[in-house]
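Coming up is one lone chain in C-alpha cells, specifically the form predicted on its own.
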Amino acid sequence: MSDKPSRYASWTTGKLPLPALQEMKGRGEKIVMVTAYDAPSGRLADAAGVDLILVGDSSGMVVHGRESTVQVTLDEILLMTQWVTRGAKRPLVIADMPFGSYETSDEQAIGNAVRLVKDGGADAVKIERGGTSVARAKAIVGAGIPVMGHVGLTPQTATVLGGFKAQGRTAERAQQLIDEALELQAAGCFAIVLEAVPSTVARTATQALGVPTIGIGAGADTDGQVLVWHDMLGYYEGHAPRFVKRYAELGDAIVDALGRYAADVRSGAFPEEQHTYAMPEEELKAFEAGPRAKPLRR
C-alpha cells in the first residue's frame, strides 16, 4: 500500500487529535471521511490515510439489506463500532446514533452516547437534524462527548422530508438549514455534515460556520467529503445516489473470484498439493500400518 500523505507525519504514533480538524479548515486542507462497518474496513481506511471514519447507520441498507436506516439498533452500531476501532488506530471513529436512541430525552441521549464511547470505543457520536436535536447535542457535549451534527437530507427522517431527495432548494428552506447548522455549532458540535444540498447553500454554510463542514452531495466547497464504503467501492446493488463516485467495481471482482473458485472446486483443480498438509514420514508409516477405520453401516 502507498505511504501516508505527508500531513500525517505529526501523528504517526497516535490518533488524529480533534483540534486538528479545526486547523485543517483554517489551512484550507480538505478532510477525508468514509464509512466503515468492520475491522478489515477500518484497517484499510487507516492504511489509506483517511482522517475520519463514520460507523454509519447506512449499514442498515448496504450491509444488512434493509430498505432504510430506521430499523438499525444501538446494539448493532455498538458492535460495529467495536469492530471498526479494532482495525482503525489513527482516524477518529464517529458512531452514528441511530433513530430512537436520542429523541426521547437528554438523559437517554447521554446514556446511549456514553455506551458508544465507553463500550464501543468511539471517539465521538453523530446525530441528525436541528430542532430538538440541538438540545440533545448540547447535553451530550456537556457530558464530555464530542458530537458531529448532520443537516440537509437526514435519512432517519427521510419520510417526513418527502423521501431521499435534495434539501434546501428553496430560499426559505436553505436559510433554515444554515440556521440549524449554526444552532448545532452553538450547541458545541465539532463538525457538521451537509447532505444532499445545493452547492451554493453548502458554500454559504461553510463560510458561516466556524467548525468544519463535511459534504455528501453538497458540492466541492465544503471542508471535507464523506462517501459510503459500499457505494464508492462498487459492491452495493441498491440505487446509487447522484453524488456517488465509484472508485472501484469490487462487486464484479468478487463475483468473478467466487465463480473461479466454484469452477475449481467442481473440476477438482482446487485444492492442489500446495494447499494441503502432510504427516511426518514415520507417523505416516505408523498410521498406514494401524487398524483401518470401518465404514458405518446404515
Ligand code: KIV
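This one's a predicted model, so the numbers in the text were calculated from it and none came from an experiment. Residue positions are given as counts along the sequence shown, with the first one as 1.
Unshown form predicted together with 3-methyl-2-oxobutanoic acid; subsequent notes refer to it.
Asks: Pick from 22-30, 262-270, 225-233, 245-253: which stretch has a heavy atom within 4.5 Å of 3-methyl-2-oxobutanoic acid in the model of the complex?
Replies: Comparing against 3-methyl-2-oxobutanoic acid in the model of the complex, the contact stretch is 225-233.
Asks: Is residue 54 part of the interface with 3-methyl-2-oxobutanoic acid in the model of the complex - any heavy atom within 4.5 Å?
Replies: So residue 54 counts as contacting 3-methyl-2-oxobutanoic acid.
Asks: Going by a heavy atom distance of 4.5 Å, is residue 193 a contact of 3-methyl-2-oxobutanoic acid in the model of the complex?
Replies: The answer is yes: residue 193 has a heavy atom within 4.5 Å of 3-methyl-2-oxobutanoic acid.
Asks: Given that 3-methyl-2-oxobutanoic acid is not shown alongside this chain, does residue 126 nevertheless sit within 4.5 Å of it in the model of the complex, heavy atom to heavy atom?
Replies: Yes, residue 126 sits close enough to 3-methyl-2-oxobutanoic acid in the model of the complex that at least one of its heavy atoms falls within 4.5 Å.
Asks: Find out whether any non-hydrogen atom of residue 58 is located within 4.5 angstroms of 3-methyl-2-oxobutanoic acid in the model of the complex, and reply yes or no.
Replies: Yes, contact at 4.5 Å.
Asks: 181, 140, 216, 88: which sits within 4.5 Å of 3-methyl-2-oxobutanoic acid in the model of the complex by any heavy atom?
Replies: Spelling it out, the residue with a heavy atom inside the cut-off is 216.
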